[in-house]
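Listed next as structure tokens is one chain, alone, in the form predicted alone.
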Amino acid sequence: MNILAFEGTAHTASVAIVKKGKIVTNLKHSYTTQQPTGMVPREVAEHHASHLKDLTLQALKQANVSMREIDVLAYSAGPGLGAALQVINSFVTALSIKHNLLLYPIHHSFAHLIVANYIAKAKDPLYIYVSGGNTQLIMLKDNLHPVVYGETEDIALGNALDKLARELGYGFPGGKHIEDAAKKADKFIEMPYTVKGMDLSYAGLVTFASKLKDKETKENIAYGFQEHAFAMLMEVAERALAYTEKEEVVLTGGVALNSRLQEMLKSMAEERGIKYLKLEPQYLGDNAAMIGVAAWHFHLHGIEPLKSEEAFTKPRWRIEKHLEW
């Protein structure tokens, strides 16, 4: 089965081709800003609309595949920015109608988990999923049904990093700016640390750090913020590992690209004698390959694709309900 897959829930437009579970090509183009403005939904939608056609043609060319050889389409149906999701939906629906192809609506977060199984060869891990819109600790039952053991009570880790970056005058995405600044710090600043059982909260941490911008250097603020935010996540993750008795842990999502976060999780896993599975960078951030792999996963589990007129988007879509079409 040849799957043509599309991702576009947030700042990245991506197109990939997956052949029988093997990723053949995975192309992407991301919306960025030099000014501290964050994502502007209209601009993100325009960005995706202007790049999807070229990305699709490039993906087909790289894979040496024609549209006649595509068996099914797959697309990120949510959660995400409504305007961006609608652009992806419209583009994929048009392809579905033109080429008489069925399509798989894929939950963006579920795809982040499944690609870890295929790329890192995870068997039954605890997934630590950290992105712009999500911070969750998850396990899968029967390889299809997610169980959330802990999550943020307010904003996600990626969103928190972006908010702080804007306050400090950095462009979007902000996570890399914060990471680089933190490496140049010369002082540790005590900040709020909010863990509530299996859940955590980042809103207060962002507010506190933002108020320091006229009193401390950007580097020291970034360092203190990272250390507190990541330590909170490690505490909840360690508790989840103790409760679930998992022997593997996977860090996935765009924020997983942060080297300090990777270092902290690796250290914690080694101390507990747990296997830390690492994905290649191109599969951590948003990408269409994970959407295609999730569609292949659905195919193997007997889940049938939809007709073009049944396509939908769900900007607010809980991962536990990813099979509720």
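Since we're looking at a predicted model, the values are computed, not measured. Note that residue numbering follows the sequence shown and begins at 1.
What comes next is about the form predicted in complex with a small molecule, which does not appear here.
Taking the partner from elsewhere, Pro173 is found to have a heavy atom lying within 4.5 Å of the small molecule in the predicted complex.
Residue contact check for Val255: one or more of its heavy atoms lie within 4.5 Å of the small molecule in the predicted complex. The small molecule is not shown here, and in the predicted complex it never comes within 4.5 Å of any heavy atom of Glu227. Using a 4.5 angstroms limit between non-hydrogen atoms, Gly158 touches the small molecule in the predicted complex. Contact check at 4.5 Å (heavy atoms) against the small molecule in the predicted complex: none of His107, Asp154 and Glu320 pass. Residue Leu284 is the only one of Ala269, Leu284, Leu52, Ala289 with a heavy atom lying within 4.5 Å of the small molecule in the predicted complex. Residues of just one listed stretch (203-211, 124-132, 141-149, 70-78) have heavy atoms within 4.5 Å of the small molecule in the predicted complex: 124-132.
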